[in-house]
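Below you'll find only one chain, the form predicted alone, shown as structure tokens.
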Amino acid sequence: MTEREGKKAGIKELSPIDIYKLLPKTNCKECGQENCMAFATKIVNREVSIDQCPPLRKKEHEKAYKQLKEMLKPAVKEVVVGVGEKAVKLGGKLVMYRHEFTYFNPTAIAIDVTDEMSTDEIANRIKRAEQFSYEYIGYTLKLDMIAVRSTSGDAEKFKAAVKKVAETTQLPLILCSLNANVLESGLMAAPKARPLLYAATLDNWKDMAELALMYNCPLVVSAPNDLDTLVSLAKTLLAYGVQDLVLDPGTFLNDGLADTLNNFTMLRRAACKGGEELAGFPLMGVPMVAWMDKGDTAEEIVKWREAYSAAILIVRYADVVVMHGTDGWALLPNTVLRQNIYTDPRKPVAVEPGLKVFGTPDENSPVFFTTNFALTYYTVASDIESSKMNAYLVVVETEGSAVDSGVAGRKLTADKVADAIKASGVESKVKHRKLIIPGKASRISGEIEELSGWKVLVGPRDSSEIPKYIIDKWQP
């Protein structure tokens, strides 16, 4: 955004000085920083919270604290669903585009159950949702919520279904019905769970608002393909006292997909670029609509449609999506996509440097090195682990650069490798002095030998070939 656009939108670029002026300026270090200016810089970068400054919380600084809260509030409000450790935070976005800063609070993925499913089917779907887990470059990818839908319209059936779900899982809930009486019956089965209520419409908003206020729950506002009504409803509900809102502009697939993307984009642009507070709430997408109008379409095609629709919505600003399919092939790509989008673009994904041990190595075991770029490290580590090899791996600090780019950009140098070997303590663990280096680092092999005093063996360019390389060439 240009300075002119920022002024037009009423959005001000914050600087550490803006923050510093409102801090107590005691330089007390209670926040963990050296001084108040360093703390202000961390605040601007969203690396710390103003709540980490104890003097700021005192009564005499109350006005400054409120000013800072207002200055730092995100363009998209953060809404908490659920309670305890499993609670999910929706929204909290500061910018429209990831390259501008970073995204917070990854898109929550919910799996649905209905009140017409058997108790066994409900339990099985919850089990599949909870057991979904995948280790990806140091992160554990999981699903986040359970959406309980009233398809029967029967209050007692819905209450029983919600009770079963609440007894089975601690995942946050979305309770779905346009009938306030049915929805309240579900709330009575889980009165302290703080579920997300779906949904307030033009016809039922007052009843839904009463429920949200009575049970202290966030509320979805729904006006399919009608942004004017959606924003108007949000304004009405805010005035009524409901502060935690989620906007559902409608999810339409096939011929309606363009409208869906346009509506999501316009809402997020209005919030982040236009400073429109009534659009500044988390957005809900419902890719499971693929199942509601499938006709004679083959089930695999329906699953595929739901999966790619979820991917599009995750990219196009959805803060929560509701899905029906539980197949790993459909869920895994979307959780990986989500993780990639919600990393900090200012910082490469990296692991801690140091010595990593695989199996039970002895004094004759091979010693490798790699960089601390997470994808590189976990690929190499996986290939070593899968081969059941006993080995040492020295992870070199390269500021999150891969091997080839690290060498090209001087982030991976011979002196860094030599220093890493010394710091790791591996010299006291093996009697040989042989280091297997990645094939892509062959150009600095001579320098490594000279600076480290270790004999360098140039390994394969692809870590998947390490097991064969050890069999063919390793001799301590």
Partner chain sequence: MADKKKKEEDAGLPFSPDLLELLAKFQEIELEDFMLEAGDLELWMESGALPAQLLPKTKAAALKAKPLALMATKFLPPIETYSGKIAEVKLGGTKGEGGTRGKSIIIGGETAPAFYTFEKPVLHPPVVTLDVFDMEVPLSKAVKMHVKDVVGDPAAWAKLAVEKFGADMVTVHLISIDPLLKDATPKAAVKTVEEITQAVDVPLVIGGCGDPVKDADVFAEITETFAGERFLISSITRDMDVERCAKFVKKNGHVALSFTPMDLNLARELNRRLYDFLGKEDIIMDLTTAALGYGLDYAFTNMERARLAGLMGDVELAHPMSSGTTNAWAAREAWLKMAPEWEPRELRGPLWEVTTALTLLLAGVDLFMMMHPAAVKTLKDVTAKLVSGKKADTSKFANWVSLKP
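Heads up, when I say rigid core I mean the largest set of C-alphas that superpose within 1.5 Å between the two forms. Numbering follows the first chain given and starts at 1. Quantities reported herein were computed from a predicted structural model and do not represent experimental measurements.
There is also a form predicted together with its partner chain; it is not shown, and the following applies to it.
Practice task
Could you tell me which of 329-337, 355-363, 83-91, 165-173 sits within 4.5 Å of its partner chain in the predicted bound form, going by non-hydrogen atoms?
Solution key: Single hit among the candidates: 329-337.
Handout entry: Exercise: Y392 in contact with its partner chain in the predicted bound form, heavy atom 4.5 Å
Key = No, Y392 is distant from the partner.
Practice task
Tell me, yes or no, whether G409 is in contact with its partner chain in the predicted bound form, where a contact means a heavy atom of each within 4.5 Å.
Solution key: Result yes; G409 sits at the interface with its partner chain in the predicted bound form.
Problem - is_contact(P74, its partner chain) in the predicted bound form, heavy atom dist at most 4.5 Å - result: No, P74 is distant from the partner.
Problem - Contact flag, A123 vs its partner chain in the predicted bound form, heavy atom cut 4.5 Å - result: Output for A123 is no: heavy atoms all beyond 4.5 Å of its partner chain.
Problem - The single option of E116, D154, E78, E397 touching its partner chain in the predicted bound form, heavy atom within 4.5 Å - result: Residue within 4.5 Å of the partner: E116.
Exercise for the section: Note which of K431, K29, K58, R443 lies within 4.5 Å of its partner chain in the predicted bound form, where distance is taken over heavy atoms; exactly one does. Expected result: Result of the distance check: R443.
Practice task
Give, in sequence order, every residue of 239-253 that has a heavy atom within 4.5 Å of its partner chain in the predicted bound form, or say none if there are no such residues.
Solution key: A239, Y240, G241, Q243, D248, G250, T251, F252, L253, in sequence order.
Handout entry: Large Cα shift (2 Å or above) at K468 between the shown form and the other one, core-fitted
Key = Yes, its C-alpha moves 2 Å or more.
Practice task
Verify the C-alpha shift of Q131 between the shown form and the other one: is it 2 Å or more after superposing the core?
Solution key: It does not reach a 2 Å shift.
Exercise for the section: Examine A147 after superposing the rigid core and state whether its CA is displaced by 2 Å or more between the shown form and the other one. Expected result: It does not, since the A147 C-alpha is displaced less than 2 Å between the shown form and the other one after the core fit.
Practice task
Kindly indicate if, in the predicted bound form, the C-alpha atoms of S386 and T140 are closer or farther apart than in the structure shown, bearing in mind the change is 3 Å or more.
Solution key: It is closer: the C-alpha separation of S386 and T140 falls by at least 3 Å in the predicted bound form.
Exercise for the section: Note whether the distance between the C-alpha atoms of E465 and Y139 decreases (closer) or increases (farther) in the predicted bound form, against the displayed form; the change is 3 Å or more. Expected result: Closer, not farther.
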